[in-house]
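Just the one chain here, laid out as structure tokens, in the form predicted on its own.
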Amino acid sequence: MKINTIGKLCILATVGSMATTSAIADTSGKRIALSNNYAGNSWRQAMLTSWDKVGSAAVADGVVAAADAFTTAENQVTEQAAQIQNLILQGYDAIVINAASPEGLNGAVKEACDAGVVVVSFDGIVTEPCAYRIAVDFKQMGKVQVEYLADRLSDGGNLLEIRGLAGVFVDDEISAGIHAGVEENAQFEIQGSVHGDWAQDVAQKAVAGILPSLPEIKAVVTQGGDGYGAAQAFKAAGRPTPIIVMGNRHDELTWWKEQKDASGYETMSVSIAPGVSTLAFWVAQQVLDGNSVPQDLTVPFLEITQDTLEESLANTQAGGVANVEYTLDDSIAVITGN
């Protein structure tokens, strides 16, 4: 699938040379677990599906002995910390984490490292120095939305911000980027902000609740999974449809395509690929294999444009998210910067 990338793929540490293939025998007895804090939207479901697809194949091929996934029920830091401690007791050799908090899990992460367990965090990363981190520049992902709108709306206008899941690092970072973009483009003003939890049904209710109190809205800045819900809320309220930035979900891209065909509607779509979980899997496997891996890696986010909409939609599964999954060789290329 051809999807434009924003930002240069960069490596935040210097590493030596690495072979292009893994010594499978070195990790064939190793067990890797995924600790996930939330599964209540299509992005998280796609992330888990990608993990299962790549992890199951790695187990079948004898690369690792296990690649199990565990999701907490309540998205609570204390619950996920207890889950990580339980995974340590179960003897997993590596734990890959999508974290409920960047700092709140550091105690459990340090316990894992002290027990000799490799810890790799992604998407929702942790700040404990012993962990590996795979991050997207989420702040830039928010800022680029406002930069796009500045090109489209020279006179500016009022914005509605739909945030993600309250209290989560990713939500804070994307929102900070949006606000930084507005500070640099004073023709825009954020008139309201709601949390959509990265889910279209939650976003629709939240937008419907705030719309009666808002003036004319020229554009909606989002975090992913909320664009279609926002469009439905504006329609139900009988208000003109603003420019709504989408988040690479199939329902958002389908709606965008329908509006584009009917009226030439233009927007953009941006998100992190759910398949970043598979990069985290391979990073854990490479560390277990004794290879040198940077403590911090940054990967690009994915942008879909007016010109790439049709191709991207055709390659996105119904109910899913535009995605990229990593092979072992792909992951080594990221690790080495090649």
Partner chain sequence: MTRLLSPNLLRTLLPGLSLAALLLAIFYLQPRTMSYFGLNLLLNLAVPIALATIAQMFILCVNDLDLSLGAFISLTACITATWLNTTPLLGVLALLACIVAYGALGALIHLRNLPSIVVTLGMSFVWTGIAVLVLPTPGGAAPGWIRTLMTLKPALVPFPIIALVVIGLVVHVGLMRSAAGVVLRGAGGNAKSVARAGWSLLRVKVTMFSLAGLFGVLSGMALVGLTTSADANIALRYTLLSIAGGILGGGEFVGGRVSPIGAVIGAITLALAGSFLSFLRLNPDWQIGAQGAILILVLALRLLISAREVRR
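The shown structure was predicted, so the numbers you read here are calculated from the model rather than taken from an experiment. Numbering follows the first chain given and starts at 1.
Beyond the structure shown, there is the form predicted together with its partner chain, which is absent from this document and is the topic of what follows.
Contact annotation for A176: none of its heavy atoms lies within 4.5 Å of its partner chain in the predicted complex.
Interface membership of A82, defined by any non-hydrogen atom within 4.5 Å of its partner chain in the predicted complex, is confirmed. Using a 4.5 angstroms limit between non-hydrogen atoms, K205 is distant from its partner chain in the predicted complex.
The shortest heavy atom separation between S263 and its partner chain in the predicted complex exceeds 4.5 Å.
In plain terms, the part of the chain that comes close to its partner chain in the predicted complex, with a heavy atom within 4.5 Å, is 73-81 out of 190-198, 238-246, 216-224, 73-81. The contact residue chosen from D26, E311, D68, D296 relative to its partner chain in the predicted complex is D68, the criterion being a non-hydrogen atom within 4.5 angstroms. Out of the listed residues E184, E258, D151, E103, E103 is the one that sits within 4.5 Å of its partner chain in the predicted complex by at least one heavy atom.
Contacts of stretch 115-154 with its partner chain in the predicted complex, defined by any heavy atom lying within 4.5 Å, are made by A115 alone.
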